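Provided below as structure tokens are two forms of one protein chain, presented individually as structure 1 and structure 2.
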Structure 1
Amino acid sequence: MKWLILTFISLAILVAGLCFWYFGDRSSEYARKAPLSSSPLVNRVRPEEWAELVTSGTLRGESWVLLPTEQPDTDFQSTVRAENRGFLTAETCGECHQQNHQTFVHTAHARTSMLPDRESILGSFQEGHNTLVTGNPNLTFRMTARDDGFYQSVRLRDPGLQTEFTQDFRFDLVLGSGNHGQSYLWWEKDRLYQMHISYLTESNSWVNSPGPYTDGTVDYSRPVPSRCLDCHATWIGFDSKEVNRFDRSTLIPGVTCVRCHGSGHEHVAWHRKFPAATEAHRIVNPKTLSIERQNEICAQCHSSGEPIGNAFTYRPGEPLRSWLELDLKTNSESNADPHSANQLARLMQSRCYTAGPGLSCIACHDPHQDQRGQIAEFSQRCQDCHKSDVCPDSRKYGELAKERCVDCHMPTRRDQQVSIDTDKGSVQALLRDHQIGIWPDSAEQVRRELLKTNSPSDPAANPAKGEVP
């Protein structure tokens, strides 16, 4: 009897399968919605396996979806709290340092991680501008703003199976002030993952995220390790035993004061208790450190190397080498891992660094001001050490050249490490080479621009101060 029932059931399944194969295959509508997990295109990966899977090339093919595997819903709370370690917010410091705080909030550091809202997300949610076209005709990404948040909605047809898959992922954290672009992160419980779609400022459009994101595929499974937030946030509690597990409620977004000035709690407690005190108590002023130690504060994030210590444990003023194995030999014009972040090594290879007592990042950069694009201002910093007339081009082009020192001697370059795959080919970010030197091609380019600006046939573009050679 049992045997009969089983045969009957098997036959029924076989017939149903055949019917589907026969009729299903001929229908032109993608009407049948299947759960994502039932498609052979969908791979669920564990965070610790992600890198291997993606770099091994296992996933070549037309289209696929990568999603994180389900994780157990256990309780997790970071045992170390930010306050205990002196990681205070910029607002706390702003209580007494209003001026520094007011200008600081507009800098890229302050804005390098933000909670999502209409202002912080730079990409458009407007109809007509809110989709990403990929080279894969079966795949669309649509960005939508709703009452309960902002979403990336994925729609992938599987022509083989005649099914259509859709899933929404919520923007939970914005990464990047938007100088070059922004990437976005999403939470699944207390695990943090990167989203497939990023925003590229140069083209003012949605793009596939840089790095291992191939056009025509879908990947929402890339784990975000603590090191990523170590460079892009002030603090977050995390589980050091797992790749991407955080204590969500403890996030202090933005790279703020304490990352350059060190633990602030004793300083704040003291000055609150003695409001008349004018001498600073227990806080690091980077200016009083050696040039090497000064630069190491920046090199926590702007260098290339292997971290030895845990995220959020380096303290300004300490030697960096016990925390990060700096790679100063990297001579790549394009910056090294993870992206950008090789300014220190390049700067240290300049004659300006090696032939004198060294050169500090803060000789040119004021961390409390948004100085983006102020090329004349930066060129003035060169003239703190060099008389402009030592340079033949400067002598020839006069005042105009004095505002462009950095364009000839620190040219911008397309960074091969920050590459974005689009349906029309790849795009690279433009970054400033910090090896100050003589770069004939860039000089030639700038000379042409200077001649054009100086051309008498275009009086509007000919400022009176320019000297025609």
Structure 2
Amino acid sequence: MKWLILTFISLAILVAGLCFWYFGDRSSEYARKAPLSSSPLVNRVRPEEWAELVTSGTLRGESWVLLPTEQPDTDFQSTVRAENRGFLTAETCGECHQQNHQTFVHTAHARTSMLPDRESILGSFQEGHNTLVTGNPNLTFRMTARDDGFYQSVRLRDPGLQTEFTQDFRFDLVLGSGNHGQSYLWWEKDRLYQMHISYLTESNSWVNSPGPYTDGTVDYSRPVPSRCLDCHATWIGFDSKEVNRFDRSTLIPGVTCVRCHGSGHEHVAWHRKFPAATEAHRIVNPKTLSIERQNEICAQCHSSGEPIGNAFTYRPGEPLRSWLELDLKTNSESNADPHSANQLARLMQSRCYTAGPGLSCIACHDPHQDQRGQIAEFSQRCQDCHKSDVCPDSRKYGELAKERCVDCHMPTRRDQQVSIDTDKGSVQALLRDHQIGIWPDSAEQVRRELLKTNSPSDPAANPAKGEVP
């Protein structure tokens, strides 16, 4: 009897081993591994050819891979230094302006580009939350944290070749404060490219990057031009003859003080020499400028238009038209959505702007404070000019309605320009429209939400019961 039992166990082990051997080579983890660059699906793309390639329609289907062309080993070294142009770090300004600096470092501007770490990268690296499953069953992206950095790991299986093609792309720069999401950049020698996987705050998840990133494909070849970093960094030296070639050692991350106050080296030198002086010298205070010039400082990035001059050459207080050809036409198709590139155009269509001398961005926004999500605070700005008792909803719903002015008159909308392709369809980012106006659909949605939290049938919660909005 014992002999039969031992024989049965031995046979079971043998069968299990054969099954593991047979099916193991055919599982999702193929025994044969190879670099992603050796996959027959790879297309090598030059930076100057990427845009035409992805918009031409020649790439069809799912399983294609775009990687940048190989570059020579020489690194670009900029002959222009940041300090020579007056571009200083926020820490330098913080020597004297400690209070503003302590709050500024938490703002979206300060965090719009950062070096990667566990705090700056908002997406999760925890098991079970660090993988993007695509509509292509043979392709997965996995986000990994290691001792030497953070990586996006591509795993592309080829059933015909029984091979898994792999490559790890290192997170080298975080782009975006996380208000709406983040994208990530990687260095290929001295060339800067966008990574295929981004992070969407609304869903708290890894997603395909916005724009021409098709779900089920791989694209690590999108070049990052100097204009991108012009709105996401304080300074970096770049090769003006190339699309995406930089001196990475010169990077000053974040959009910091000098981008709004102008060149700071003479200002710092003067006040270090005269530390007792209380009046600012050789620096721009935006509040002293006309509303047009104030808004043009913000319009460097929060407007639509075609650059005329090189990146990092605009100086606050100067006419922006000498550097950027703004597109502020009310019939412009690009102004039909709330993307940040159109915020000034949308604001200028508002009666709050046209009915008076204009409305400056800093009338509502304090660039030294993190005001993210402070809807009640922004709504109070509305009441600095508009009496809340003229609003029937404020009379009916009380204080809760007074805290929702922005939601009614500057609603959030889905932005077609920030579209993300997923295995379940297209997703658009939710952004704030800066055209202040009467939006009946948005107001009705806010009323429904107010009814849930402040029922008009409760006299204690609603002293103005019975008043018709």
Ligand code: HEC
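Residue indices: 1-based, along structure 1. Basically, rigid core = biggest C-alpha set you can superpose within 1.5 Å across the two forms. Note that this is a predicted model, so its numbers are computed, not measured.
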Next on the checklist: Looking for the form predicted in complex with heme C among these two structures; is it 1 or 2?
Outcome noted: 1
Checklist entry - After a core superposition, would you say Ser394 shifts its C-alpha by at least 2 Å between structures 1 and 2? => result yes
